[in-house]
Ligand SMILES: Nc1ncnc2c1ncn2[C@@H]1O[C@H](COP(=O)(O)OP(=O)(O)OP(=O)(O)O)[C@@H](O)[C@H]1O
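Only one chain is given next, in structure tokens, and it is the form predicted alone.
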């Protein structure tokens, strides 16, 4: 495994497009993993700080100094980083967050492969930490230093894709970035494409989903995430949907997603052991 203990599951969510559901998926997945008794770390690798704001509120997050955020890992002025100070517990038992805000933007540079030791900042920070069962990385809508660092630190890549034209653009670039990252992190694998923000009443959404499944076959997860108000209402209450509305269709589909992800990860481990 790329992170610490061999029992840790680490997944980074990546796409070049904004608004495809990366942050929302991370937020609600964390809640469902925690409801299953897993100890979860959310790494907010996006300068927008959506995950951090989802748990702590925008005012509190925006006021954090750089040395109290993920930016401290990249800033030479931040010495003697204390993991206990950076990683914050949330109001949800079992969920911790490594927060981010606008301070991270200065370090999210293009051409990350030329970043020297900075490429390993996240990996080196996470490796000695006490074990988490699940680490989820929320990445910005680009393939710059923050996304690159997440891929170097993680074992799996999940690619959220809304079933529309803009959402499906740039997928090949994401695949190429994963292939490039595997030079430094040979354990990294694509876990699959996750169709998000789907409305099956719309012919165009059904058409794009069919096209994605045609192009990528089993790489596209069977579980799709529909556009449901329960996700947004739960987020407004600063709670994952599993805690806010556990009987809702949104909570049910998130549990289904975790089951499918777990099956894929276990299958990969079995194939690896057999090899």
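Numbering follows the first chain given and starts at 1. Computed from a prediction, not measured in an experiment: that's the story for all the values here.
The form predicted together with the ligand is left out here; the points below concern that form.
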{"property": "4.5 Å heavy atom contact with the ligand in the model of the complex for all of 83, 134 and 137", "result": "no"}
{"property": "The ligand contact at residue 235 in the model of the complex, heavy atom, 4.5 Å", "result": "yes"}
{"property": "Proximity of residue 55 to the ligand in the model of the complex, heavy atoms at 4.5 Å", "result": "no"}
{"property": "Distance check, residue 227 to the ligand in the model of the complex, heavy atom within 4.5 Å", "result": "yes"}
{"property": "4.5 Å heavy atom contact, residue 20 to the ligand in the model of the complex", "result": "yes"}
{"property": "Per-stretch contact check against the ligand in the model of the complex, the hit in 227-235, 211-219, 55-63, 30-38 (non-hydrogen atom, 4.5 angstroms)", "result": "227-235"}
{"property": "The single option of 94, 112, 192, 141 touching the ligand in the model of the complex, heavy atom within 4.5 Å", "result": "141"}
{"property": "Contact assignment for the ligand in the model of the complex, among 205, 123, 156, 197, heavy atom within 4.5 Å", "result": "197"}
{"property": "Residues in 34-58 close to the ligand in the model of the complex, defined by a heavy atom within 4.5 Å, in order", "result": "46, 48"}
